[in-house]
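The chain that follows stands alone, in the form predicted alone, written as structure tokens.
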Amino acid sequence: MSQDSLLDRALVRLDEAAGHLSIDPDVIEKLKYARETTKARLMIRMDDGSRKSFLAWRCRYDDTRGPTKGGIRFHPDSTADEVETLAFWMTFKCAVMSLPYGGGKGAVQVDPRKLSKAELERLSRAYIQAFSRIIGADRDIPAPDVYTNSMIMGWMADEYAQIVGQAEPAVITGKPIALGGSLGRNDATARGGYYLVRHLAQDLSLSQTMRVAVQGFGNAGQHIASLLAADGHKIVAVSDSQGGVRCDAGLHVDMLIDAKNAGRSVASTAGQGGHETLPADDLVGVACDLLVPSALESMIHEGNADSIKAKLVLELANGPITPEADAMLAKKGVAVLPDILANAGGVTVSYFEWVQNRQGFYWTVEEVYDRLRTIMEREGRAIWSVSRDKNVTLRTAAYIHALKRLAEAIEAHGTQSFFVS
């Protein structure tokens, strides 16, 4: 794998897209760098009375199209480079979906599984205390990400309200329903990908009964498995960070979800219902029609891409395929529905939540699903058309689609808005 930073590898996509458009070089220069990245050290009191500190970041990558938007992840391996890259992807994701947002992201370098609930709440509130001057309903809007959830967003929204002296529900999305969260948010990332696959199934020559392998079985992985299984597709392999299972006749998805809800790995179901042990690293090479990476970045790389047998890859994770692996898959004829389109259901329903918070009027779950499906199908169809018209991969087409919108907005602002004369 290349030794370039994660952001350097992500910027390869920008350069590829720019080669297909007549873009002012100033636009490309602006999009190569984050507008601002803030670093803080969060000091919290642990349950045993000691104090411990954790590194944290918040990046506002680009706000040309509106306030920056992006999740906050709690992960022991988080870095500033990762945060800026995720914010870059969010910039393009929001442009792909034509949302009035720019891209942002946040992280705390911590393993939340080692914290008590009280310690986790203190850490969540400390994050808002550190970054309250950066976020805001019209400036930067956080949401859940890896190892964060609606409960944590609720604590953060409450802390922000205490700091500013009034409730500001639109400042954070992915909140509990009781605090202004939107119906349909919990499965939005997976559901958006599901709608996309269903809409493009005929164009992609997909079978009516697909064999599906899911890498990563957190929120997105569980929901995509459930949605596809309910449509009659066979989930033949699943993995998480501790192992995997396979069953050619189809795994019992409910059994896998029950194991995760009980704090166990999917591997703990091996020996039950025909489930067989599968090393997590072997999942990408399982014989299947659809591979769904829904874990972390760079999980598919030049070392394992050649083993992929799937006809289609649906990227529910952010950046799961490296540029080197992408080129290998294209050469093999494997279609990839790219992350900035495929997993954009999450940020789209976050946008719906933000709109509902500002209006004080809330939609039914059917309305949320209908609006999400309409947008996923509209943008998916547009990107499919760009891919065919320009004879490029779906990923390059998605970046072309987004870059055109970003360039129009940047140029409309005028060069003096982002360069000092």
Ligand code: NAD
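Given the structure is predicted, the values throughout are model-derived calculations rather than measurements. From 1 onward, residues are counted along the sequence shown.
Note that the form predicted together with the named molecule isn't included here; everything after this is about it.
Although the partner is absent from the chain shown here, none of Gln208, Ile224 and Asp289 has a heavy atom within 4.5 Å of the named molecule in the predicted complex. In the predicted complex, Phe88 stays away from the named molecule, with no heavy atom inside 4.5 Å. The named molecule in the predicted complex is approached by Arg185, whose closest heavy atom lies within 4.5 angstroms of it. The named molecule in the predicted complex is not approached by His275, whose heavy atoms all lie more than 4.5 angstroms from it. Contact annotation: Ile308 falls outside 4.5 Å of the named molecule in the predicted complex, judged by heavy atom distances. The listed set Tyr127, Tyr351, Phe217, Phe92 contains one residue whose heavy atoms approach the named molecule in the predicted complex to within 4.5 Å, identified as Phe217. Proximity to the named molecule in the predicted complex, defined as a heavy atom within 4.5 Å, singles out one entry of Trp155, Tyr195, Tyr147, Phe131, which is Tyr147. Contact with the named molecule in the predicted complex, judged as any non-hydrogen atom within 4.5 angstroms, is confined among 196-204, 251-259, 227-235, 209-217 to 209-217.
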